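Before any questions on binding or motion, here is one chain by itself as structure tokens, the form predicted alone.
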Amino acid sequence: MVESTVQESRSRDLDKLLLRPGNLVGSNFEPGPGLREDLKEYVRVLVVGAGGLGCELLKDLALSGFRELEVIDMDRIEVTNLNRQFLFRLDDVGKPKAEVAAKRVMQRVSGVNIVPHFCRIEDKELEFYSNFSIIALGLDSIEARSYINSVACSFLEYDADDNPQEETVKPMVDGGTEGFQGHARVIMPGLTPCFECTIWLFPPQVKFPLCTLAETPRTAAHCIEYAHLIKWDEVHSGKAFDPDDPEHMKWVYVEASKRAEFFGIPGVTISLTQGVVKNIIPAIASTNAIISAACALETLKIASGCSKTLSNYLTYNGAEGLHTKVTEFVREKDCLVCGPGVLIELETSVTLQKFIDLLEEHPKLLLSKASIAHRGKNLYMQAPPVLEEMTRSNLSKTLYELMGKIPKDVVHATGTTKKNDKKTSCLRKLRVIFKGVDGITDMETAAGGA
């Protein structure tokens, strides 16, 4: 009897949402114990990021009834993380964040299964992301958000009238914090604005004049950028700087410290160096907790239909008092990421190599070093070397042949593009139409050339 009471108490608040009807529920909501069990058994959620916000998200989702969770993060735990990333302890320093976070939540919440992935988000193929019902983002990087956004949107399919097919929508819940401010948003690709539709919400990264960096540094950030942008190239001529390499970051920190000491400038730390170089947004524990709660609730609403979802962007400001606001942004119909895809007309004689070259020259794409996939099959992979070698022979074959000689279809291209003078990874959906093939009407060809 005691055991039954404890169990009822733990899920009491969740039961109020899942076991009772209401006026704000979704059209497909069916309250009852079966819904709670379905959440545990069938709904798979991927948490991207195991930092301050990611730790909170993982814990909140596990306590909200989700049992099949996975988390991906490429970073290791540092001492500076411990003041706000509460799943980590001093003994965990140096260990992968994803693995420790998963272990700690499974220790505290019985019955939950969390699979950690200690790797870059770009290292996973599309098939990996397609296995999840919902993707929850707890990231501190604009570039990482943009990449996951393009991945989720790549699953979206449109009908003949360019209307999104609901069964192909991959929901995302995105949270972000900066000091005492934060946001939570729901992204339903094709239905609500995607990350790219509202990229203007994020201010451009602050850039310092090179003359200031080289001659008259006044702040710790100036010293860090000098070591990053000027000193690195002087010492490592021709070697690209990798912000994700701990040794590269340590070198910049040491050189910045020397320059700061020379000019009598205080404040250069390893955490500030990472923040300046990688444009990392600072975080505060209480803000993370508030935004995580909003994201977990939206995830629950999407999965269960127990209430209408956020429409579609919540902002929180706790700097002076407390202020929250919900804004409904409008989707960009011609968005390159969540739209039907960039239309490309080709002759049947175009080889895969020529197609990749065309993507680099295409004014809307400017996609370099592209890897190409069609219906889950890798036609050509730029990396790792073993896959590049396995798919290299396809470069001389025609794309028409590699796509099974069908008149038109969608292919996915992953590569790098320049944005604000910075190279970023991206994934683009391309609608390929082959000219002069049966099944392609003159009207379609004319539309493609417009």
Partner chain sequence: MIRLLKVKEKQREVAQANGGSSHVKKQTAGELRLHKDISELNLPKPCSIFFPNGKDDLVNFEVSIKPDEGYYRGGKFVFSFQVSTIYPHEAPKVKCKTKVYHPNIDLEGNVCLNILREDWKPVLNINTIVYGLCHLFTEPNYEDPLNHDAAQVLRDNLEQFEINVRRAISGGYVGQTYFSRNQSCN
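Take the two forms, superpose them, and find the largest set of C-alpha atoms that agree within 1.5 Å; that set is the rigid core. These figures come from a predicted structure and were not determined experimentally. Numbering follows the first chain given and starts at 1.
Only in words, not in the display: the form predicted together with the partner chain, which the text now covers.
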Checklist entry - Quick one: in the model of the complex, does every one of N81, I224 and T287 get a heavy atom within 4.5 Å of the partner chain? => result no
Checklist entry - Does any heavy atom of E127 come within 4.5 Å of a heavy atom of the partner chain in the model of the complex? => result yes
Checklist entry - Should V151 be counted as a contact of the partner chain in the model of the complex, where contact means heavy atoms within 4.5 Å? => result yes
Checklist entry - With the cut-off set at 4.5 Å between non-hydrogen atoms, does L63 touch the partner chain in the model of the complex? => result no
Next on the checklist: At 4.5 Å between heavy atoms, is R44 in contact with the partner chain in the model of the complex?
Outcome noted: yes
Checklist entry - Heavy atoms within 4.5 Å of the partner chain in the model of the complex: which stretch among 160-168, 257-265, 86-94, 339-347? => result 160-168
Checklist entry - Looking at S133, T324, T219, T269, which has any heavy atom no more than 4.5 Å from the partner chain in the model of the complex? => result S133
Checklist entry - in the model of the complex, which of the listed residues (V276, A303, I114, A294) lies with a heavy atom within 4.5 Å of the partner chain? => result A303
Next on the checklist: Checking L63 here: with the core superposed, does its CA move 2 Å or more between this form and the one not shown?
Outcome noted: no
Next on the checklist: Checking G404 here: with the core superposed, does its CA move 2 Å or more between this form and the one not shown?
Outcome noted: yes
Item to check | Exceeds or equals 2 Å, Cα of L352 between this form and the one not shown, core fit | outcome: yes
Item to check | Comparison of CA distance in the model of the complex with shown form for D123, L387, at least 3 Å | outcome: farther
Item to check | Closer or farther in the model of the complex, the Cα atoms of V337 and R375, when the shift from this form is 3 Å or more | outcome: closer
